[in-house]
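First, one chain by itself: the form predicted alone, in structure tokens.
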């Protein structure tokens, strides 16, 4: 096993709807929201954690593989490989090579090698920062929501959720390690499929209520064309 290359795939994530990735701050400040988003501690600017993208892409690829029924919904692990054959085993190996497996899986993990992808945190692009500054816009918004009493037909339980507004642009970067020449294209294809799934699904919280729709635009035109040509379900969902 030898590190032969590292592909650095860069681009832009544009929000097509408001994005909420929670800060985990349960303390409500006077005049604040009860559900704040994560921000850089120094600049107070919102950003997208690489861990949020990695976790969502992995979960979508695992869901698409159909293998989650064998794990009771838990993440795929190297131990699962023992009971798999053919395309199922190949698909499981691809996901584990991309995202890694628990170190507790021992020898099986050693055969797969380290996780190949590394997602960077995504800051707001310089262009969008300048546009916000010149237009005197805000980097965040607060969206109010409530529930409806089914009998009275009245709004109840108001809550206020902080979001990053739609159209905001973030700088995206992910690195893919190449340990074997024959692995490069299959792993790149699987990674792009995962990002395509993310476009069709949602990032962050409240995706079922319209939050978190994103669009990728890659700097490398060949990657962009390959991404646009992906037909996710032409093989019955197989990678």
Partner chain sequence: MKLYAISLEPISGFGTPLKGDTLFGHFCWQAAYDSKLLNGGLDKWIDCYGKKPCVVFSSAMPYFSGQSTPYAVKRPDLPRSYLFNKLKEKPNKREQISARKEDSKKKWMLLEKSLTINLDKPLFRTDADLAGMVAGENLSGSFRCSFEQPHNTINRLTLTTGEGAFAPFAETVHFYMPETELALFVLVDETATDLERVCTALERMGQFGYGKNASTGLGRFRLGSLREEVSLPSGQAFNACYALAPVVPERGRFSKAFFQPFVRFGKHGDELARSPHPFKNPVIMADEGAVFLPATEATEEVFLKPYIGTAVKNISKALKSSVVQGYAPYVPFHLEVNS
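On a predicted model such as this, the values are computed, not experimentally measured, just so you know. Numbering follows the first chain given and starts at 1.
The form predicted together with its partner chain exists for this protein as well; it is not shown, and the discussion that follows is about that form.
**Student:** Would residue 119 sit within 4.5 Å of its partner chain in the model of the complex, counting heavy atoms only?
**Tutor:** So residue 119 counts as contacting its partner chain.
**Student:** In the model of the complex, is there a heavy atom of its partner chain that lies within 4.5 Å of any heavy atom of residue 230, even though the partner is absent here?
**Tutor:** Taking the distances in the model of the complex, the answer for residue 230 is no, it never comes within 4.5 Å of its partner chain.
**Student:** Counting only non-hydrogen atoms and a 4.5 angstroms cut-off, does residue 211 reach its partner chain in the model of the complex?
**Tutor:** No - in the model of the complex, heavy atoms of residue 211 and its partner chain never come within 4.5 Å of each other.
**Student:** At 4.5 Å between heavy atoms, is residue 2 in contact with its partner chain in the model of the complex?
**Tutor:** Heavy-atom contact with its partner chain at 4.5 Å: present for residue 2.
**Student:** Just to confirm the contact call: exactly one of 127 to 135, 81 to 89, 143 to 151, 108 to 116 touches its partner chain in the model of the complex at a 4.5 Å heavy atom cutoff, so which is it?
**Tutor:** Result for this chain: 108 to 116.
**Student:** Is it true that 163, 190 and 222 each have at least one non-hydrogen atom within 4.5 Å of its partner chain in the model of the complex?
**Tutor:** Checking in the model of the complex: none of 163, 190 and 222 is within 4.5 Å of its partner chain.
**Student:** At 4.5 Å, heavy atom to heavy atom, what parts of 46 to 64 sit next to its partner chain in the model of the complex? List them in sequence order, or say none.
**Tutor:** Heavy-atom contacts to its partner chain in the model of the complex: 47, 49, 50, 51, 54, 55, 56, 58, 59, 60, 62, 63.
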